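There is one chain below, alone, in structure tokens, taken in the form predicted on its own.
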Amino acid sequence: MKISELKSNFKKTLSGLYPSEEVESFFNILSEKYLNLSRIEIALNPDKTVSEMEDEKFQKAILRLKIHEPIQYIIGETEFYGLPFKVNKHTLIPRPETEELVEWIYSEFSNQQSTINQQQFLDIGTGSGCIAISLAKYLPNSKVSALDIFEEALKIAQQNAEMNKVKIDFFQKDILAAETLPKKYDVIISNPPYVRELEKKQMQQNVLKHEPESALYVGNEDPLLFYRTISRLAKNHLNPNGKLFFEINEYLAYELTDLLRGEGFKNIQVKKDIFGKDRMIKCNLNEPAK
């Protein structure tokens, strides 16, 4: 079979399930993964022969795309903040807004790197490890730790740390049941579950059917549960004037601001993402009274 025929069949089979531009993107991603050919190389070599084994890989991918499985899970990897990451059904697929959170943190600390006093970072609910690993990579004089409740997620995160050649102190912990953290930190970051059950209807099918619910959703009755728990732990485990960063639900910025203020945090700042949505928040821990 020629590449041109493979592409034509691929587009015809998925027509109506996805927009044509997305189908084109899927084909290019799979071609790079399975054929080691770029979009330009495909266009320049339409008569190149595809082996039976290669065709079979595409057919299996089509079956998974038909049930709206994310392309990142199909190829087993994605890119985040310019770095490669393995992902699977045990980890969320890193989002562009989380890249913006990492960029915000990086911009705060990139000029404060010291080889004498390493800044201590903790990423709570690390998943694929994308936040922790990106910070360790681009803030190399920092000491980064990360926790998650799920062993399978931590396995992937560890593989990603090794692939990106960074050292992360990973540990397993249920943050909702935690009474303490291992030590004090200069910065605590979390992208916890924040999508309310009532907002599920707004989610795409590929997210609803395939990404881990426990990493996404929180009950309608207490949607700030993780933020309250983490902020209270942070009060006892942030160094003086330590900072807390969250990715947040765009609809709950005011409620979260009130919560953090009530817990004694100051300099609370909500930041919008590139789409103008309230998506990030940072605050400082008040210095202890003398």
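Here the structure is a predicted model, which is why all the values come from computation and not from measurement. For every residue, the number given is its place in the sequence shown, counted from 1.
Not pictured, yet referred to below: the form predicted together with ligand GLN.
Chemist: Counting non-hydrogen atoms within 4.5 angstroms of ligand GLN in the predicted bound form, say which of Ser134, Asn160, Thr91, Asn191 makes the cut.
Modeler: Exactly one listed residue reaches within 4.5 Å, namely Asn191.
Chemist: Which one of Ile149, Val195, Ala178, Ile75 is close to ligand GLN in the predicted bound form, taking close to mean a heavy atom within 4.5 Å?
Modeler: Selected option: Val195.
Chemist: State yes or no: in the predicted bound form, is some non-hydrogen atom of Lys184 no more than 4.5 angstroms from a non-hydrogen atom of ligand GLN?
Modeler: Because no heavy atom of Lys184 falls inside 4.5 Å of ligand GLN in the predicted bound form, the answer is no.
Chemist: Would you check, heavy atoms only and a 4.5 Å threshold, whether Ile71 touches ligand GLN in the predicted bound form?
Modeler: Contact check for Ile71: no, nothing within 4.5 Å of ligand GLN in the predicted bound form.
Chemist: Can you check whether Lys173 is within 4.5 Å of ligand GLN in the predicted bound form, heavy atom basis?
Modeler: No - in the predicted bound form, heavy atoms of Lys173 and ligand GLN never come within 4.5 Å of each other.
Chemist: With a 4.5 Å heavy atom cut-off, would you call Glu97 a contact of ligand GLN in the predicted bound form?
Modeler: Yes, Glu97 is a contact residue.
Chemist: If contact means any heavy atom within 4.5 Å, which of 165-173, 149-157, 210-218, 126-134 contacts ligand GLN in the predicted bound form?
Modeler: Looking at the partner contacts, the answer comes out as 210-218.
Chemist: Within 238-262, which residues come within 4.5 Å of ligand GLN in the predicted bound form, counting heavy atoms only?
Modeler: Contacting residue: only Glu247.
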